[in-house]
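What follows is a single chain, given as structure tokens, in the form predicted on its own.
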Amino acid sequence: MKHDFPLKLNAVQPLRFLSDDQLREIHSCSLEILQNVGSEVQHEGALEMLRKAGCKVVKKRAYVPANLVEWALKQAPSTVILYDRDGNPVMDISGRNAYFGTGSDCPYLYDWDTGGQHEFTTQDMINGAKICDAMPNIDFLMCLGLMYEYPVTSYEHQFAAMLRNSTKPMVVTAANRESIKNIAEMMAVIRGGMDEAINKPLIILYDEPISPLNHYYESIDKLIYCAENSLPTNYAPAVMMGGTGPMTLSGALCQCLAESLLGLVVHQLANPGAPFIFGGCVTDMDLKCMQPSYASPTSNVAYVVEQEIGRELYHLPTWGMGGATSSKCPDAHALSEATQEAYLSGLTGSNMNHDVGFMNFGRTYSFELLVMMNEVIGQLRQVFKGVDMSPEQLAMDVIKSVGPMGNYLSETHTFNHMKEMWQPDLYDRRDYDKWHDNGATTMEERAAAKVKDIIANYQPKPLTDEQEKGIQAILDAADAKAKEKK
């Protein structure tokens, strides 16, 4: 069945920094790392799979030959379709289709009332899910922040809060195999069974190794679980140049690719053809504060190159960045960095662009920045549409009809196409006097007012009683098991 997904970048060529030969050179270097440097794999089951597939394994270090990597790349599908909570196909993760969503697991939330921050809470997660559900240009949710009320089962409760307050697709995090299994079972409750949950996935697991070249047990175990159950996942390294990777951009990219490709090999060995989203995060380390600079010029170039390789060379769905900042509050600094990141990802044709609303190097989440970026993403999507060259859009008939010295204000053609023009929600286009008479508000103030209005008044579509009962039963069982382990 063919579905219409209208979010493609309509440009003759996407933004690219490297030629095909240069992309292949980086790939070749990553293969050399995998084969000659090796990777530490802290999972005996994965090491055994690699050994049987022809890899040299010395203690916990695996050396993966190039032919096995090429085999894995051919197995993974080039398209992943995500469905909303109601079972409707809403995201075609392939080609140059660009989707935007939030980030995950921030310790803090920026408090719009005090201008400070507080530890993220369950109510914050509920509010954040409602805001995401209400924002038309936010396509998917991640879990925003850590819920400290549930120190062991935070990930399950994050997912439940998202399920209860949004119908949109979700990217989830999980502590271990048991945690992602609980989340998958909640998805099965929504779908009416695991088979239907696999056929119509609502979630992608966010998974990552530890740079440099270290693949710890829980990360690999979650990867294998998703492969075994055909649940979509990524395996996204976070390489910080000068800290956990080379200080040079091309070197850091080579390492980042090697780490992600190791995950792909294990994933495909566990179940050839299981859905996998390719990508990672390369940032330069700011030596003044020893933090990863999400939206630095170097990092932005890295995001573009990773998408080039994933789409043009590997033909895989891609994982990118959508709107993060090092700013500590949702100010001009924040909007500038987040907008640059979103535009570059969109113009590259990156598929899954996450971290919209991230501040303070990923430690603080901001609802106001999320709302402001919804406006930015809506604007850039108008840019994505490009130029419609149909006869109706070329408008030759009306141009001939109006002729010299006429005007188009009263023309039917003008009326028919007037609503095609993008209109802002938060940007203020009034002249100074009207803006002043209506309160002289700043963008930040209007965003905060929008956040408060959604939290107070927006009503997301509720779960059915049967779905609510099933999800609560899984949460209760997970919490009880956590208490037994104390």
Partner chain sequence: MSKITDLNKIVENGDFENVEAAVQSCLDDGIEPMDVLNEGLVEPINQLGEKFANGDIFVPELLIASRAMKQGAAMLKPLIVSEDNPSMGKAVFCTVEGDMHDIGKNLVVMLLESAGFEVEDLGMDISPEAVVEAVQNDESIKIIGMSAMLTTTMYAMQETIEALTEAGLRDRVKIMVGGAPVHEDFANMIGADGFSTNAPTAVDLAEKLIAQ
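Residue numbers count along the first chain shown, from 1. The model shown is predicted, which means the values in this text are computed figures rather than measured ones.
Omitted here: the form predicted together with its partner chain. The next part is about that form.
Peer 1: Would you check, heavy atoms only and a 4.5 Å threshold, whether R363 touches its partner chain in the predicted bound form?
Peer 2: Yes, R363 lies within 4.5 Å of its partner chain in the predicted bound form.
Peer 1: Flag Y83 as yes or no: does it have a non-hydrogen atom within 4.5 angstroms of any non-hydrogen atom of its partner chain in the predicted bound form?
Peer 2: Contact check for Y83: no, nothing within 4.5 Å of its partner chain in the predicted bound form.
Peer 1: At the 4.5 Å heavy atom threshold, is E119 in contact with its partner chain in the predicted bound form?
Peer 2: Although its partner chain is absent here, E119 would touch it in the predicted bound form, with heavy atoms inside 4.5 Å.
Peer 1: May I ask you to check whether S154 falls inside a 4.5 Å heavy atom distance of its partner chain in the predicted bound form?
Peer 2: Although its partner chain is absent here, S154 would touch it in the predicted bound form, with heavy atoms inside 4.5 Å.
Peer 1: Where, among 107 to 115, 308 to 316, 227 to 235, 393 to 401, do residues come within 4.5 Å of its partner chain in the predicted bound form by heavy atom distance?
Peer 2: This holds for exactly one stretch, 107 to 115.
Peer 1: Just to be sure I understand the contacts: of T244, Q379, T339, N271, which is the one whose heavy atoms reach within 4.5 angstroms of its partner chain in the predicted bound form?
Peer 2: It is T244.
Peer 1: Scan S94, N214, S296, Q75 and let me know which has any heavy atom within 4.5 Å of its partner chain in the predicted bound form.
Peer 2: Checked against the cut-off, the match is N214.
Peer 1: Go through 293 to 321 residue by residue and record those having a heavy atom within 4.5 Å of its partner chain in the predicted bound form; state none if no residue qualifies.
Peer 2: Result: empty, none.
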